[in-house]
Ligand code: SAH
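Just one chain is shown here, as structure tokens, and it is the form predicted on its own.
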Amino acid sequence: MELDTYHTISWLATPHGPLAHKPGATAVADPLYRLLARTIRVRGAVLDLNPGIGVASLAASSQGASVSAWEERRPMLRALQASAARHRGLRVAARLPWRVSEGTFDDVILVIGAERGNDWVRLQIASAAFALRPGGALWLAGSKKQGFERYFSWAQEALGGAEIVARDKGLRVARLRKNGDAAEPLVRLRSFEAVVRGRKYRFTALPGVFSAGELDPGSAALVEALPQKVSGLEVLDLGGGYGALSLPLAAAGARTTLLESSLAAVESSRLNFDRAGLAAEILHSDVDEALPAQRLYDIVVSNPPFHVGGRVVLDVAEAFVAAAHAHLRPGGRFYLVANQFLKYEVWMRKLFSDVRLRVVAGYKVIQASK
């Protein structure tokens, strides 16, 4: 995939007007968002805590509500920002769900982010309850296959009165009324220690961050395959998460830049670098969107994402490969780790020379030169 193609915003026709989308932005045709959009009846100030590209946000705005759509994932955020430029009543922010003020919204709409773990879902629900005014409604959407009944019971505990208002096969939308006070959301950080390149590090991650609580084995395989001497080199980490690759390289003297689409992961990596007393450029970015086109590096490393809600989706990984080529100096090296069934080397051979594969701890580490 060409980077220009990946970064291009296009438009989707919906019953409530045009909606921006792009590669890497999920929920374009998600039936759960469509069911929620058909079901909600809202008024006043509305908060969408998991808007995706804004299918339900736009439906709420079309009902005359003033909608705040908080999205922490950069690809979806860029699509939302484009849509907000065309639709009055839709305000967009890069914001984590627990950054709410008490009792400020009449309605909250929420698609449960079950793929990001129970800690994330608990925070979504607690944030919704805290943000609602007394008597306000939470419109909660989820799938029975992804634990909706359990999460619905958590929401009932947090809010009170509840009913299922829409069903479509295994999909559900519930409406819950806030009957009393709600506790402020409590964010529990996950911390762990890991030995990387012969040195012990302590990593911390916010809820919802990939591999929070343990070092991902793919990242562990990749970092051990990198050159030992990196001091003084400029290194770009594409999709750097909480810094599992970048932090050990910075400790070895590399000048590191970390790009990450998840704001929760960006804040986690900043916590880790600050605690270690190390410096890095850490940017909230949709692939390489935050970098100047002319910015070049000696080494690019990546453990690219390929799962979206249990499905294998490769457009972001393909864009990572193109970005690595665009930002490497001539003679620079690109290191990527993948599950063995993913054939990233096919894309890499179209752009790079001297593409080599090796198996490390059951993972495929691919090295290429520019």
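The first residue of the shown sequence is 1; numbering continues from there. Remember, it's a predicted structure, so these values are computed and weren't measured experimentally.
What comes next is about the form predicted together with this ligand, which is not displayed.
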Item to check | in the predicted complex, segment of 79-87, 285-293, 154-162, 123-131 with a heavy atom within 4.5 Å of this ligand | outcome: 285-293
Checklist entry - Given that this ligand is left out here, which of Leu110, Ala244, Leu249, Ala137 has a heavy atom within 4.5 Å of it in the predicted complex? => result Ala244
Checklist entry - At 4.5 angstroms, heavy atoms only, are Gly44, Ser61 and Phe105 all close to this ligand in the predicted complex? => result no
Next on the checklist: Whether Val316 contacts this ligand in the predicted complex should be assessed with a 4.5 Å heavy atom distance threshold; does it?
Outcome noted: yes
Checklist entry - Would Tyr6 count as touching this ligand in the predicted complex under a 4.5 Å heavy atom rule? => result yes
Next on the checklist: Residue-level question: is Leu259 within 4.5 Å of this ligand in the predicted complex, judged on heavy atoms?
Outcome noted: yes
Next on the checklist: Please tell me whether any heavy atom belonging to Phe320 falls inside 4.5 Å of a heavy atom of this ligand, as the geometry stands in the predicted complex.
Outcome noted: yes
Checklist entry - Relative to this ligand in the predicted complex, which residues of 193-210 have a heavy atom no more than 4.5 Å away? => result Phe210
